[in-house]
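Given as structure tokens, the chain that follows is alone and in the form predicted on its own.
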Amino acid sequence: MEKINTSQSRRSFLKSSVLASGGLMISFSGLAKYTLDDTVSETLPAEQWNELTGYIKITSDNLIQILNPNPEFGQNVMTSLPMIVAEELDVDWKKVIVEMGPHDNTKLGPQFTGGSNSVRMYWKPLREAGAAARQMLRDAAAQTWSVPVEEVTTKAGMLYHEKSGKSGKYGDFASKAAANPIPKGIKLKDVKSFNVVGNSSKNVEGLKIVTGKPLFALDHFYEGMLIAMIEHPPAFGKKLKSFDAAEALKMPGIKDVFALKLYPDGFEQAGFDTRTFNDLLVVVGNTTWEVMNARKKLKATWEPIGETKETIGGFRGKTEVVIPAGLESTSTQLEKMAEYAKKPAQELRKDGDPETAFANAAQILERTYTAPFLAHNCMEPMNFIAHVTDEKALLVGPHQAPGWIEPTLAKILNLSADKIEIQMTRMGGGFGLRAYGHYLVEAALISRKVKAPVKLVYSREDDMTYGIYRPMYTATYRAALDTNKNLIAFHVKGGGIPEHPVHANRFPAGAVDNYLAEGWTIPSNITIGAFRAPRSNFNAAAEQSFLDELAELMGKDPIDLRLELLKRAKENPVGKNNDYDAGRYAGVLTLLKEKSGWNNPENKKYNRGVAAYFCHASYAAHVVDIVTKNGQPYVERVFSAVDCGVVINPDAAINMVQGAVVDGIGNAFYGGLVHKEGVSEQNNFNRYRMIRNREAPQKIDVYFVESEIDPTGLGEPPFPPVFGAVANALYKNTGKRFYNQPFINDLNDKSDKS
């Protein structure tokens, strides 16, 4: 296993590496302000950059290294982000060395992987950085050759002056370029001239992954490191009262057992400081096996929590959150949601006069949809390494947003940010769960307590029962038709535990004269958090299922109905706050209709379902083809169309869409957590059903809308419409509609639910 060498600081490492190479290192910011690293320049800028994105390093031997600034958990930013730099730098991608950058808020910006933000957030800054470095090298060559810089050209890491026949490698001019001023306002390449971006490149860590190199924190080893595990309450709504660790302390290899408070009383949490259990019971020992066995010997007493209020400082200011007492059960939660759905709710958007339209309707379609809590179930359970002393803190592990947890660590540990070093490892899945920082804080506090480096490890059971789930949702959709079956009003009323799913300004808002969107919430002590395409993953399922049933009632083809509504939204939109571009939305449906052979006779043998959705600034649509296999519905084929602007790495982008499709099918059919008296009835994969290899589609064809628009989201947008497409195809296969996730429950119920 890999040993962590922490004898060098991040700054000293960068300094020594640059001086040793005699080369050029450039840091670059999201504000398009550049500065040479202080190892080659005597001054640093006084201002704090807002968005910093990475480094380019070129040695005198023409070694070109590009640092990836963002955490990697399989979405392939380790490859795609450096490709953007390489494009404008004009280098041979095959000769570029990519390294994971250090965590550095000042140089590398937010370093946040989530919200499908990585590429769209860094697109312009990374291009500007590459272009600036290329210009500095041209300037250095022009000075050396005594020729006009306008006559110096570049190609694949080489500089040329055609008139004199002179040429040289980038590395030949790296040191001189480092002394040149940073250029501003550099013209970027035209998208049509790209030769790196838009061409498929293999994952730069692919070989390391398949050969089992130590990329993950679980692979890391530190001299003197101990293993820690936490015993948390057996149910949501309980907390630690007392414990007896006598038997556990007698077990081999056990160093200590103690109680610990995660956040002090009155602690104002940041937006991603969510945690489930604040009072921790910790076991520390030499090995994971020894600690797991000792944990079984603990004798703990638990007591009910009282209702509390917490202050959360999120992106939109401070909010007060109520944490209710009690032991919650899924059955009673469903009953409570049904009651709340009948009560008045918060009006989120209103166009026209929907009340009158519904009162005068010739026909009304009304349907209610539900979805359960979902666990993230990352392949790699939660873990983190910490070595905390009174003077400094080193944390090593998988996290989606190290910059967001650093201020919390600083407050909890009473250390300044410059005394905290976070090293990012590759993540074995994230899906939103690893944006939260409770497990980093837990590891840090445990390390400080035992005065030794510690690796905190969650078991799968810990991981699945610790909370921060996808919320529990419901939504009721209504549509009003006139005597000619024209759509005259649309109403969505959504709620959830403890948040609602409604995006009020998304389609079909803007396409219907009379429109109403409402939302309501129920507080809970079961903690929730971001889950791949938050809220959208349910909203799309319900909305797209409802539109399919509405199309049938209106006697229209489901794709044609959507296109008609989008045409209205484009040509004569209702309201001014519509989130989506109706033309782009229609574009993915049109492409999908063509590529899937939607109405082709040879596809009549399939039970076909369609769905489309807009989120994270992108548009995705799927056609799901279901057949009956061994007496059960089976998704045999999927056709996907996506508009996400410029596609950086086509093969990787296709893989991402395919992964979203399989993930969506699995969650639609099987995903769900059930609680009884605060206890999750699913605590491992023997009870939490995941999609299996044999259940994945045989074929997933992915098509991208050709575009020169700046890149938009891709990791999340293809996921939400999968649910609706599956539900609509299931209707064709079984003859009944599916309103409640996971669909397997209604599939196993032979009664007619239509």
Partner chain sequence: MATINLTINGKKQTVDVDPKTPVLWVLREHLRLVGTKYGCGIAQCGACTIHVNGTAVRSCSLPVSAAQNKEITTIEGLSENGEHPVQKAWLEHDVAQCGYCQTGQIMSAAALLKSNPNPTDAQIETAMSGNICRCGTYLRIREAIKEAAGQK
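Remember, it's a predicted structure, so these values are computed and weren't measured experimentally. Numbering follows the first chain given and starts at 1.
Only in words, not in the display: the form predicted together with the partner chain, which the text now covers.
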Counting non-hydrogen atoms within 4.5 angstroms of the partner chain in the model of the complex, say which of 368, 105, 329, 655 makes the cut.
655
Could you tell me which one of 244, 303, 219, 92 places a heavy atom within 4.5 Å of the partner chain in the model of the complex?
219
Mark residue 206 yes when one of its heavy atoms lies within 4.5 Å of a heavy atom of the partner chain in the model of the complex, and no otherwise.
yes
So, residue 585 and the partner chain: in the model of the complex, are they within 4.5 Å at any heavy atom pair?
no
Give a yes/no on whether residue 696 approaches the partner chain to within 4.5 Å in the model of the complex, heavy atoms considered.
yes
Closest heavy atom of residue 691 to the partner chain in the model of the complex, within 4.5 Å or not?
yes
Check all three, 73, 289 and 292, heavy atom within 4.5 Å of the partner chain in the model of the complex:
yes
Quick one: which of 466-474, 618-626, 331-339, 220-228 gets within 4.5 Å of the partner chain in the model of the complex, going by heavy atoms?
220-228
Can you tell me which bits of 380-395 touch the partner chain in the model of the complex, meaning any heavy atom within 4.5 Å?
380, 381
